[in-house]
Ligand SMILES: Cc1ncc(COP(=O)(O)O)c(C=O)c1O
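Next up: a single chain in C-alpha cells, the form predicted alone.
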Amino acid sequence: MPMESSIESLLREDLADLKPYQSARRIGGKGKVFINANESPFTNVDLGDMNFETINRYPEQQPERLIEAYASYAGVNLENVVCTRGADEAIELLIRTFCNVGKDSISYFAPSYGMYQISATTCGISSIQVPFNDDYTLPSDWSNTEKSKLTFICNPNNPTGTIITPVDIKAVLNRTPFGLVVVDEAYIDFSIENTVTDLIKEFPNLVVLRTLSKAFALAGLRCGFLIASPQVTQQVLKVLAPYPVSVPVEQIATQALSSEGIALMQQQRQLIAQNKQRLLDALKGIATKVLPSASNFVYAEFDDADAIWRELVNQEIIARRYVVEKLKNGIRFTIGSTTENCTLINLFNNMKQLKDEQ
C-alpha cells in the first residue's frame, strides 16, 4: 500500500512545525568566496604517519591517546574529558542524559547558536530563550530560567563574536546551584584568555564544550570535546554511542594536538587575527555597527543590509545573512584566506568610493 501520504501521520506531533537548522551546507548557494560557515581557510593536508592497520577492528570508545592529548592542551585531568562527534553531539548528549522528557527545560541566551533549541525539541524538551542586553552582555534578570536543567552560554557568541567575561559566567554559576551551566567554547581558541575550564574544580555543575572545527581547521573531521567534573562525564558516558570516534578521526585529531600541530594552529590563528583587523578597518564608513569580535568572524550591521547582500551575491561572495528580528540588519563574515579577505575588502572599498562620490 502507498505509504507516502501516511508518513507524516507517523511523525511526533511536537516535531510537525520544527524548522531544521539552516547550516551553511543546507542553505548552499553558488559562489567563489565562501565565508558563511566560520570554517578555517587553511587545509592542513599533511597527515604524517597515519596507521590504519587496525581499521578492521572497532575503535576504543574514548581513545586514550586522544583524550590525553586534549586534556593536556586544555589543562584538565583525563577524567574531565569526553570526546564526541563535534560539539553538536555533546549538546544532544547532555540533553538526553539530564533532561526528563515532557518535564524539564533548557535555557539559552539569544540570539545564539540555533542547535540548542533544535536539539532540545527533537529530544522532547522545552526551551527558554533569554534575550541578551543590547550590547550582548548577560541580562540582570533571567529568573524564569532558574529551574532549567541546562543553561547554555555560547562564548564567544555565534553569530555576534562577542564575549561574556569569566567573571560574569562565574556569577551565572553562583546563581544556578541546581542545574548545569554549559559554556560552548567552540571559538575560544581565538580568545583563550576567556576560557572557564579552570572553574570546573570549583563548580561541579559547569560543562565546557570544545571543538577542533574552528582554529584547528578540522571542521570536516567532526571531533569535539565535553569537559566537566567526573560526576558529569561519568553520566554522559552512559549515553554515548559504543564507537563514536573512528580510527582516522583519532589519529588525525591526535596529530593536530601534538606540539607541532598546536604551533601550526597558533601561527594560523595569528594570520586570521591580522586579516580580521584588515576587514574591521574596511568596514568603517560603510557599516553602521561592527561588533567587537573575539572569534574568526565579524558581525556587522548596515543601513541597507539587503543591498549589501545583493552586491555580495552578485560578486559570488557567500556570507551569512540573518532574518531574526534582532539581527535583521546584520551580515556575518567568516575570516577567509588572505585572497578571499582581499576580495571582500576591495568590494567594500569600492562601495565606499562610490558612496563618497555621490
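Every value quoted in this text rests on a predicted model; they were computed, and no experiment measured them. The first residue of the sequence shown is number 1, and the count goes up from there.
Quick note: we don't show the form predicted together with the ligand, though the next part is all about it.
*Contact segment among 279-287, 86-94, 254-262, 131-139, judged by heavy atoms lying within 4.5 Å of the ligand in the model of the complex*: This holds for exactly one stretch, 86-94.
*Looking at 213, 160, 275, 151, which is the one with a non-hydrogen atom within 4.5 Å of the ligand in the model of the complex?*
Looking at 213, 160, 275, 151 one by one, just 213 meets the 4.5 Å heavy-atom criterion.
*Hey, in the model of the complex, does residue 186 get a heavy atom within 4.5 angstroms of the ligand?*
Because a heavy atom of residue 186 falls inside 4.5 Å of the ligand in the model of the complex, the answer is yes.
*Does residue 116 reach the ligand in the model of the complex if we count a contact as any heavy atom within 4.5 Å?*
Within the cut-off, so yes.
*Quick one: does residue 222 come within 4.5 Å of the ligand in the model of the complex, counting heavy atoms only?*
Residue-level check for residue 222: yes, a contact with the ligand.
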